[in-house]
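The data below hold one chain only, encoded as structure tokens and taken in the form predicted on its own.
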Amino acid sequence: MTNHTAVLDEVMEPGTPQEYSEPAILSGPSEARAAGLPAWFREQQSAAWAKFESLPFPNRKDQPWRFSNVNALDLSPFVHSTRLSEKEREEILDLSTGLKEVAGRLIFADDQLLRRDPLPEKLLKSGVILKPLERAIIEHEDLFRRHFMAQPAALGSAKFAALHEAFVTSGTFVYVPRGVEVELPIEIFHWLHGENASVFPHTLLIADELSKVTVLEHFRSAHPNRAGFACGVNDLVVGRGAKVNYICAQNWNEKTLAIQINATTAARESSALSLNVHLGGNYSRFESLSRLIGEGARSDLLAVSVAHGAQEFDARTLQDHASPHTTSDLLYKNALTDSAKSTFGGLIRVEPHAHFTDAYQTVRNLLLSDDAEANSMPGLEILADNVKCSHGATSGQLSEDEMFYLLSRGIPAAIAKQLLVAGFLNEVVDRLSHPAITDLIHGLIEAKFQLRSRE
């Protein structure tokens, strides 16, 4: 059951509102925000800011940004977020509805922790850790330094990864010890609130040998018409024989620029499943690196996108097989209407000696209007023998026969289209064997269609 006790005593108190009033993020990190962090971390952030300034902004001629709208990457309007008032905090807490039963929950708004529902006593005694990132930096320094952004941003967003590292001051740290199973999901909310506010959410999840955990992360906007910028990173470390399910429910408003970078490492006989649901944002780029570093490891990369208007979703992936007898399966589905656009660039790489690799990559686009656009660039790089790898991408429209069948039974055209699109996406969502989360995801997708029908 959910523990409804909110514990904030471990969170470092933020500074005064004046200390948060930097004019723009391009002016550099805020010293006030990092004041309570260790010296070694502040030095690391200074080096990251120098790296950000030295790297060029992406160019559409760069292969990792091919077909991308790089003009959307203008960071000049975005500012450091200001301190939330008590009323604003309460309003956001009221909006933070998700699963009925969770093992623990953290709620952030404009990179400020508003609430932490702690883990049950049983999990605490088992050694499970769920803490704000700023506490983990101090209290679990060895684990943090070993795994924090340990994998390079290899899919084009090295500049934005450096920006994230330079600005990150809050997020979530999860550690599950050897052999421990966290039965209920851990739920995390990240909210954008202020006008032109910027957030840098970070999740560091470490699942030790033979452990099991599910994490659901929400990304939402408190106001439908306030522009914002989100630059997030996830580090998912899956130990030997462990099983991790990670679900991202991205539902920013349609004035948000969002970049999310995910790095997963899967050890021997482990299993990592990620499901990314992309509904919001004006321009949203998602990069996913999955490294299978132990024999027998498995990675499932799943994603659904529903885009309308002028929304653009840009996904780049790398399934990196570094050990033999490893398996990866990517299934991405996009439903696009109006002048929405999706871009996918993915690579299956089989490194030398990673024999008997089994890898798949499938991208399917459903175009619901003549102006919708889908660009797909799957690829293979095989440097080992005795492997089984395949990739493919398709784009098409709704079946006229299926539409006629539903219309002939008195179902209105808008509802018939919604049913068919939902059926198209369900193949992905239903691969997650967690009924409460799949119901929630189905509800978010349905709400997106209802929003579309009102416009």
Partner chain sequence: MFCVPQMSQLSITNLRVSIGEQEIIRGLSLAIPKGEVHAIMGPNGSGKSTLAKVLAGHPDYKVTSGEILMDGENIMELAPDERARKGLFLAFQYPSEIPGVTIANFLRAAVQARMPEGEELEATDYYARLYEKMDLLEMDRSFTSRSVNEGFSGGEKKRNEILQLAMLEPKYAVLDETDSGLDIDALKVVAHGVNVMRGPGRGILVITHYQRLLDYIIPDHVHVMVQGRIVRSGGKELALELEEKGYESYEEVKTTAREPALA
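Positions refer to the first chain, counted from 1. Here the structure is a predicted model, which is why all the values come from computation and not from measurement.
Just so it is clear, the following notes concern the form predicted in complex with its partner chain, a form of the same protein that is not shown.
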Exercise for the section: Select from the listed residues 410, 392, 56, 396 the one whose heavy atoms reach within 4.5 Å of its partner chain in the predicted bound form. Expected result: 410
Practice task
Just give me the single entry in 52, 65, 424, 41 that has a non-hydrogen atom within 4.5 angstroms of its partner chain in the predicted bound form.
Solution key: 424
Practice task
Considering only heavy atoms, tell me if residue 401 and its partner chain come within 4.5 Å of each other in the predicted bound form.
Solution key: yes
Exercise for the section: State yes or no: in the predicted bound form, is some non-hydrogen atom of residue 420 no more than 4.5 angstroms from a non-hydrogen atom of its partner chain? Expected result: yes
Handout entry: residue 406, heavy atom within 4.5 angstroms of its partner chain in the predicted bound form
Key = yes
Fill in the blank from the handout: Partner contact check in the predicted bound form: of 384 to 392, 43 to 51, 65 to 73, 424 to 432, the stretch with a heavy atom within 4.5 Å of its partner chain is 424 to 432
